[in-house]
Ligand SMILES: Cc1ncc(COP(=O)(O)O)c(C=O)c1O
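What follows is a single chain, given as structure tokens, in the form predicted on its own.
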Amino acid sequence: MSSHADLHRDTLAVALGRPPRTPGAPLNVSPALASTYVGAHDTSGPALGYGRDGNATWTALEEVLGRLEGGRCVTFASGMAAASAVLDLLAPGDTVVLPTSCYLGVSALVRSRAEKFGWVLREVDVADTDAVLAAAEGADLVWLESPTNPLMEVADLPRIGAELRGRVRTVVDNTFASALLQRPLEQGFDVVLESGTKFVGGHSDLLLGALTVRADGDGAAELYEALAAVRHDSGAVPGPMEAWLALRGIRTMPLRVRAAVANAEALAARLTAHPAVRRVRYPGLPDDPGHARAAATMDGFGSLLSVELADGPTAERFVDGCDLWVHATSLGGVESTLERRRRWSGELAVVPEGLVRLSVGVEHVEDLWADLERSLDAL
């Protein structure tokens, strides 16, 4: 029982990352607010020397996230700091495979570094498995998202992971699904990235990123140490308060994700029937291109969906017409948010002008639908 090896992930989210059960001691890990530690003449031991070296609050959070993803976790100051750490391991002239549709921040970061360091960039549709495998030949890094942001495309992670394992370093951005719905390390991938700002924290009040690598296997230990060294040397460490908030948030993550997924499934079905909506992108819909693949590989279809309206101005009127839904760019919180993605100048051209991404929260589904329907009717 002490290893929690036989416990469900819902239980692990609550049970792990706790201090020893000493009578009279706190039940929860407290934020370790320390930049400086008491020194020792012998620096070869495990004692911490400075704030960038480690923090008890990070350690507790990393224990939970690592077990949920099925590996060893390194937390960072943000999701972009985590993404940057992976790219820091590349060399000039390397070849990177990137989705044609992915988070715009990652796309911009890869492109800027590709120009600076002479990387060869190969872009692929993650839903086209043969194209992904072909692009991976001779590459140094394959970066995937599934489902993708914001087009909701689904990759065949089991096949891609199995065929690429040991041939090329692979990374999956698992932010949209989270470890509760999908675990790419089990499918052969090397690194899983998650923005802890989203579902892990769950309350739109922190910035945090996480990278999890396999606990064993060829090169796993070296990869973990390399990423931890990037965090230390670059100073991209999470704040102890952010780590503590994320740890507190993860305790209710199974409940929040389950409720939000149920809401998203109901709303996606209703949105498809509204005449103002040209298309709903959600793998939970039976006619969605990614439905069969998501049903076979995920433990739920997620709480993110996108709708396509006539054009950009129509999409903006739809957003402005909502009262309960919040116009915001983030996702994964308890509150429902939405935005027209092309309002950002850096958004990829493959994203339609009239696409609105919705992050479904945990409010009552009838209230959420009434707000959406009222705004759509007014169009």
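Remember, predicted model here, so these are calculated numbers, not experimental data. When you see a residue number, it is the position in the sequence shown, counting from 1.
The same protein has a further form, the form predicted together with the ligand, not shown here; the description that follows concerns it.
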The ligand isn't shown here, but in the predicted complex which of 182, 149, 263, 306 has a heavy atom within 4.5 Å of it?
-> 149
Heavy atom within 4.5 Å of the ligand in the predicted complex - residue from 351, 331, 322, 68 | 331
Select, from the options 172-180, 240-248, 157-165, 93-101, the stretch whose residues sit within 4.5 angstroms of the ligand in the predicted complex by heavy atom distance.
-> 172-180
Consider residue 208 of the chain shown here, and say whether it contacts the ligand in the predicted complex, taking contact as heavy atoms within 4.5 Å.
-> yes
Is there a heavy atom of residue 79 no more than 4.5 Å from a heavy atom of the ligand in the predicted complex?
-> yes
Does the 4.5 Å heavy atom contact test between residue 195 and the ligand in the predicted complex come out positive?
-> yes
Just to confirm, residue 190 within 4.5 Å of the ligand in the predicted complex by heavy atoms?
-> no
